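The form predicted on its own is given below as one chain in structure tokens.
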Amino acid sequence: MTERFTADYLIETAGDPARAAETMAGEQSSGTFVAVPGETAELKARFAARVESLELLDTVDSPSLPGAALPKAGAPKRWQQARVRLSWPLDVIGPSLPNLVATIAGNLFELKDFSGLRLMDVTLPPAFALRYAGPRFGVPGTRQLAGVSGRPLIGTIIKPSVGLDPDQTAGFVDELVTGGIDFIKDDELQSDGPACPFEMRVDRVMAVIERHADRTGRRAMFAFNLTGEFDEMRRRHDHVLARGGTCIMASLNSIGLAGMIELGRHSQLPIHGHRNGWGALTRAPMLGWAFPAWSKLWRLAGVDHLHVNGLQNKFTESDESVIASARSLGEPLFSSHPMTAMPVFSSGQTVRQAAGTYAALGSADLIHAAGGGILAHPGGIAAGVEAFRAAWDAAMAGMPLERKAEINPALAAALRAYSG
């Protein structure tokens, strides 16, 4: 019996949900809106998608999205929501990530049958693990390269996001590494512009990091944003590697899945995956992608770190969604190839989110990145880093933050500074 892959959806329809589910299966496999010659029963049995399950949920009084079919004349003005699982035979596409996306997330989103359709999860057969290596470093490799164990990596972002030249960037990195930071990343807006050329920035920054490593024996991890066309990314990766760098960063939605697959195969460094643009794929509750489905594809392609937002963030995402996303990165993709990735918490983060993050996630295997939450500390960068570490020490010991602050002036100052 051939292997199959599955996808789970949240749907909303004015019609019969069972018929809508069959429409989904037909649209994304052998069928079309009318029977055609050649679509034999034997062909459908071998190659057609199947509706594996259908679970009815609530009904709503108005459609979630415009343009969908309305209820039939005389029918109640109600729209039914449901969960649907479809499956496809692997023989149709083989273990191909780009063609997987075309199959599970192709023309479905614009079908008139649906006033809501959201891809929630995907389950893949082991053949995908044989073709795609997944993250090369993940949590263990990242910890080893950064020299951090038993606690999160405390990180920050180069700010201002753009406008600093290579020498100014290196000067800022000098302050950060002197202050004890574990992890630094380029902002996603900074890659290889004329004002701050990539190779020159790498050279200046790595000279600073190596100087501190010679003194302390520990090399801070810097994620250089090499986003670009593939030949550019390969060249930039090689430059970072040659200069002793320990991490690269790419904007996932900018380079696309095929670009990430090739970068993952080429890279000898951890890949920090930035999800900028993610809101367009997920912000509408009844449209787009849920993070577990989306992130599985990038993990397979080779991403080691993935942004998940942060608790009490500056964006629209709820804390429950943030934690669910982070937890999903620790769920194995395959029994023989777990392919787990390291969650990156960021967005408006201060010392006040450490306890809640640890309590909800139940793990310290993460990067906690703060811009203003470290850089704007009234005592300076070193005090900002110290306060963050103290907050995490307290969180992991089950100690109230205010009690820890009684013996740590940097944390006490942070609590006063970040009171909102």
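Remember, predicted model here, so these are calculated numbers, not experimental data. Start at 1 and count along the sequence shown; that's the residue number.
This next part talks about the form predicted together with another copy of the chain, which is not shown.
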{"item": "4.5 angstroms heavy atom contact with another copy of the chain in the model of the complex for W278", "value": "yes"}
{"item": "Exercise: F230 in contact with another copy of the chain in the model of the complex, heavy atom 4.5 Å", "value": "yes"}
{"item": "Touches another copy of the chain in the model of the complex: D174 (any heavy atom, 4.5 Å)", "value": "no"}
{"item": "4.5 Å heavy atom contact, D365 and another copy of the chain in the model of the complex", "value": "no"}
{"item": "Partner-proximal stretch of 158 to 166, 323 to 331, 141 to 149, 205 to 213 relative to another copy of the chain in the model of the complex, 4.5 angstroms, heavy atom", "value": "158 to 166"}
{"item": "Contact assignment for another copy of the chain in the model of the complex, among R218, K77, H266, R131, heavy atom within 4.5 Å", "value": "R131"}
{"item": "Heavy atom within 4.5 Å of another copy of the chain in the model of the complex - residue from P285, P71, P126, G244", "value": "P285"}
{"item": "Residues in 99 to 114 close to another copy of the chain in the model of the complex, defined by a heavy atom within 4.5 Å, in order", "value": "N99, V101, A102, T103, A105, G106, N107, F109, E110, L111, K112, F114"}
